[in-house]
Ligand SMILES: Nc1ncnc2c1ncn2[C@@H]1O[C@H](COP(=O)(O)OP(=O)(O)O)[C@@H](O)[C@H]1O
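Encoded as structure tokens, the following chain is the form predicted alone, with no partner shown.
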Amino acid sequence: MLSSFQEILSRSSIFRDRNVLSPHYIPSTLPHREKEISAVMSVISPALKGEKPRSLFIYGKTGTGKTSCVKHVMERFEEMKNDTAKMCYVNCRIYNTRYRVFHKLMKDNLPDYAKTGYGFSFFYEKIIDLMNSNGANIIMVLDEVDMVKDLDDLVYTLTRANDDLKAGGISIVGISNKLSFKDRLDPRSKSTLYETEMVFPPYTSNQLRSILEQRVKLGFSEGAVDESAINLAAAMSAQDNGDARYALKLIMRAAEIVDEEGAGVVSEKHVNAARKSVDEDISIEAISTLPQHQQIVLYSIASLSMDGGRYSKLIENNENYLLSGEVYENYLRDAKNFKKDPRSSRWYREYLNELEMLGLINTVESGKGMRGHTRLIKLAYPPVKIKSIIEKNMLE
């Protein structure tokens, strides 16, 4: 029987405000990140005195509070109401080229000129003219900066712009999950950076528990979430790289299950049930946002996992492991099928490292029973699902 919206909305729920469980929600206080917030504020504070701050690069795994802390600092920065100091936030997953980053800069500062018909040089000159006229210091917050396709050009342009300015300056706050992202920069771009670096450590189980307690108090009816469920979600997330986003997703999905069942209280049973669903959602999201060549490598592993590698019988206690060399052979063929130029074996090894770091594959070094020394690769998720996700991404 079909339900009406009125029926759906009138159903009882243990949620009071599900928005507070979103990773985009910024609470008034961020538990266990006071030191990091203070450090970010110290680095950018010269802008409020009319001086150009040093650039800052922030690293840390997903769910360690990097973006939340910077957005929290931005709110406090704006409260200072300083006309000659401005922070501009750019989500580089969306604005993923130099042109798009400057287009966002125009939308925030000169919206009348923010038309995509204008060329990059027009945007650049208008920003320089604006800064020369008001002596502003602009701090560009580049979230997921490693997603920018022409990163080298962007960094070089932003830092070299200071040479064209008679007043004010541009600084960068770059946020990345990858410590190695600067390896992509040309030496001349690296030389223009005068930066400070910070690493956000993963949250511990106790820290995750207090974060969940804060959000549960705001987001649910009193007594709707059992303490044991909070403890379990915190422990699971601490094992999974100390990821607060994962912990929040577990509690949210567990609560949705309770609402569906009409069970009343979120228990450990519901957190365990939520884990499978959340893991699958995260894997789909992670695959869909991978660079194309990493997706093709993963596609090759999935294809071989389904068909059985030609050399799998050579591997003792096989357990669905594949030989790295055979996967690379498959990748070379699959890249051409997707109309992409395959990358070298050196890049291929880097792609494997990234995929393993994301938990999409597992690798071990070959031991006794094999001639030579090679890497064995095993898929962490069902190959059929991975193939279909990548085909949808690559062929659309």
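Note that residue numbering begins at 1 and tracks the sequence as displayed. Keep in mind the model is a prediction, meaning the values are calculated, not measured.
Only in words, not in the display: the form predicted in complex with the ligand, which the text now covers.
Using a 4.5 angstroms threshold between heavy atoms, Ser189 stays clear of the ligand in the model of the complex. The closest heavy atom approach of Pro342 to the ligand in the model of the complex falls outside 4.5 Å. For the chain shown alone, Asn330 is not a contact residue for the ligand in the model of the complex, no non-hydrogen atom being within 4.5 angstroms.
In the model of the complex, the ligand stays beyond 4.5 Å of every heavy atom belonging to Pro382. With the partner removed from view, the residue among Lys182, Arg245, His293, Lys104 that has a non-hydrogen atom within 4.5 Å of the ligand in the model of the complex turns out to be Arg245. Leu30 is the sole member of Ala39, Leu360, Ala335, Leu30 with a non-hydrogen atom within 4.5 Å of the ligand in the model of the complex. You can rule out all but one of 268-276, 297-305, 162-170, 210-218: in the model of the complex, only 210-218 has residues with a heavy atom within 4.5 Å of the ligand. Interface residues of 61-86, taken as those with a heavy atom within 4.5 Å of the ligand in the model of the complex (partner not displayed): Lys61, Thr62, Gly63, Thr64, Gly65, Lys66, Thr67, Ser68, in sequence order.
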